[in-house]
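Okay, so here's just one chain, in structure tokens, the form predicted on its own.
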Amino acid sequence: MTLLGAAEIRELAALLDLKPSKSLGQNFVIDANVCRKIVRVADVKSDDVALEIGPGLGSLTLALLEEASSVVAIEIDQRLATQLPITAANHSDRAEKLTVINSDALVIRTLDVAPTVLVANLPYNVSVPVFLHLLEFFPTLRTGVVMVQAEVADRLAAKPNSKEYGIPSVKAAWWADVSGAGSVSRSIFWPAPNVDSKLVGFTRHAPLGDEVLRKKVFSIIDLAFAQRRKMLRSTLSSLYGSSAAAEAHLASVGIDGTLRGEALTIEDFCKIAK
């Protein structure tokens, strides 16, 4: 197994006449050591089915093939999706363990195999929607590590009563325990982005409720953070008919109506919804 370095990445891009697309959030990892580190942090096991989103030219894919039982890579760019199996065959004796799907990850709801670990350098422009989508539709994902824009990482891993805590933080917490897993340098990317990146890890926990409850909880979360500086009794007034009614309902489940959404845990939102 040989992983890709900066020279190989640029050679592949030239071969494909590829100019990294800002609209697709394409920033390719050119540091093989970082790819192996991400796989190590994700604790990928030999019996894992790894799911990768946006594999690009294959830097992280090759590192995953070293450790996982198999790898499913979802790539929206047809040129990259077509090239990836060729690159894998040229660099790995485990290329047959790779399945490449040319599609938008946001429309994928089922796979022929059950992925167990998510490892991905998520495109900056859709990182939160993709992350939440995968947690929702692939309950077999027990753990994982994703690389995202630093600001997004801070929001996903944020805890109540912090300025970063918001809709992504609470919704992700419905499915998993999420935490920061380290920083990465801008220099590991080509082209180098003008923002910093961080790793975010997650471990799935027991379900907090069924799909009916989840939808209720998420609608309340959306309302609570729509005007995040307002008190809950105000932001939820449309749901209960008035601020007074909202305050009475909140009091009935032991929540102070003068609090703001950023003070509540996912369990608190579940109490309100129930």
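Start at 1 and count along the sequence shown; that's the residue number. Since this is a predicted model, take the numbers as computed values, not measurements.
Beyond what is shown, the protein has a form predicted in complex with a small molecule; the following relates to that form.
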property	result
Per-stretch contact check against the small molecule in the predicted bound form, the hit in 241 to 249, 207 to 215, 49 to 57, 225 to 233 (non-hydrogen atom, 4.5 angstroms)	49 to 57
The small molecule contact at Ser183 in the predicted bound form, heavy atom, 4.5 Å	no
In the predicted bound form, Asp104 touching the small molecule (heavy atom, 4.5 Å)	yes
Contact label in the predicted bound form: Ala88 to the small molecule, heavy atom within 4.5 Å	no
4.5 Å heavy atom contact, Val146 and the small molecule in the predicted bound form	no
In the predicted bound form, the one of Pro168, Gly201, Pro115, Pro123 near the small molecule [non-hydrogen atom within 4.5 angstroms]	Pro123
Residue among Leu62, Ala68, Ala42, Val29 with a heavy atom within 4.5 Å of the small molecule in the predicted bound form	Val29
